[in-house]
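Just the one chain here, laid out as structure tokens, in the form predicted alone.
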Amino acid sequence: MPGSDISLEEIEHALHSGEFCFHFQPKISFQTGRIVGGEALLRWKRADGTMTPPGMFLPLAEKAGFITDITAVMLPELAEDIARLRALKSDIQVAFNVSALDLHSPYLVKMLRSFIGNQLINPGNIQIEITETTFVSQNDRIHATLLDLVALGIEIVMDDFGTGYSSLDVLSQLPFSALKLDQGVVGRMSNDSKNTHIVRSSLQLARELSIKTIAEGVESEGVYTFLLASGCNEAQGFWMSRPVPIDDFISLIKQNPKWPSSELGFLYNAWVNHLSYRRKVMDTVYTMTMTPPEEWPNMPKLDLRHSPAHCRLGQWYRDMSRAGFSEDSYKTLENVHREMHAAGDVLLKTVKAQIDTEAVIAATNDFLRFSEQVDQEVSRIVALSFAEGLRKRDHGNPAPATPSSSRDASA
């Protein structure tokens, strides 16, 4: 295999000779169709100009424990790159993958705290991606490091979600604010419906946990559009842009290209969240009415909130108002949605009061009636949004602008 004879000494020499650099793959927001950030990917550009793929040297560096030296040297360079990007886009968010060995050492938090304290970057400008989830979850020192990073305001992303047996358990234990769908699972959606179900289930799980979703490995318009409709938050992949050097990434940001976007996927997200709330209420009612009151403290926790402001649907029409959309288009939805949450609160209080069966039945009917009205309003808005999207398509919207420089760059 080419490069299989690379030695640790060569890697060390390359690091200290300035042959390592970062290429950046843009991350696109499905809500706006614009670049919101990127992933910083390590590259080895030799003195003669040839590129050595990371798979040829990173495994050896990881095995030898030299990966921490690479991070220590390259993290300041990344901070400088981010500072250049911030000059163009102050809220840009750059993801950086670190190893378990990096997280085991205190220097990572110290360096990032220094960059933030010196105002070279803001906490929101950087994300830390974690892949070794099994090891991470079993190590108290690493867990403490992740909490320190979160305390700094840095997002922690679970990378390659959908590939490990322990992903769900780790997701419940560690402070992740986003999950990145594995590129293999995303890529195989075009060939196997099982992978499509995994992606859809992962998106639904993230919605339930109120964390962001990022899809990697998007290599076709069909996959992009499916993720757009499914309510994924962000995506990266060859269909939008290959990883490019910092100067090309800066040029790309300046061009401000736009890919397909839609509010429809986010409305779907909000709708699913509403259905989840309804199910939580009914599951709680059924469990409480069929269980002796002394056993209620042992019921599974469902994080049940009756305020419309905590519901994704309530957040959706609030955001629509901020975006300048006509209030008339969703005012009815806002009213019945508020009444539904109030009815849910009354229903649970009625059950807990242990009044009588008929009172519980009446409160249940009220709750379900308002919930059905919410469904009708959301269906109406979805139909209008879908029709508007089709009309825009028929009027010949321009194709997404993807500069040839980003298409032709090496991976």
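Quick note: we count residues from 1 along the sequence shown, nothing fancier. Quantities reported herein were computed from a predicted structural model and do not represent experimental measurements.
Unshown form predicted in complex with a small molecule; subsequent notes refer to it.
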Identify, from the list Pro243, Gly162, Pro257, Pro308, the residue with a heavy atom within 4.5 Å of the small molecule in the predicted bound form.
Pro243
Going by heavy atom distances of 4.5 angstroms or less, which of Leu42, Val36, Val378, Val360 would be at the interface with the small molecule in the predicted bound form?
Leu42
Checking a candidate spot here: are Leu58, Phe96 and Val218 all in contact with the small molecule in the predicted bound form (at least one heavy atom each within 4.5 Å)?
yes
Within 4.5 Å, heavy atoms only: does Pro54 come near the small molecule in the predicted bound form?
yes
Does any part of Gly231 reach within 4.5 Å of the small molecule in the predicted bound form? Heavy atoms only, please.
no
4.5 Å heavy atom contact, Thr145 and the small molecule in the predicted bound form
no
Hey, in the predicted bound form, does Ile67 get a heavy atom within 4.5 angstroms of the small molecule?
yes
So which of 96-104, 145-153, 291-299, 269-277 is the stretch with heavy atoms within 4.5 Å of the small molecule in the predicted bound form?
96-104
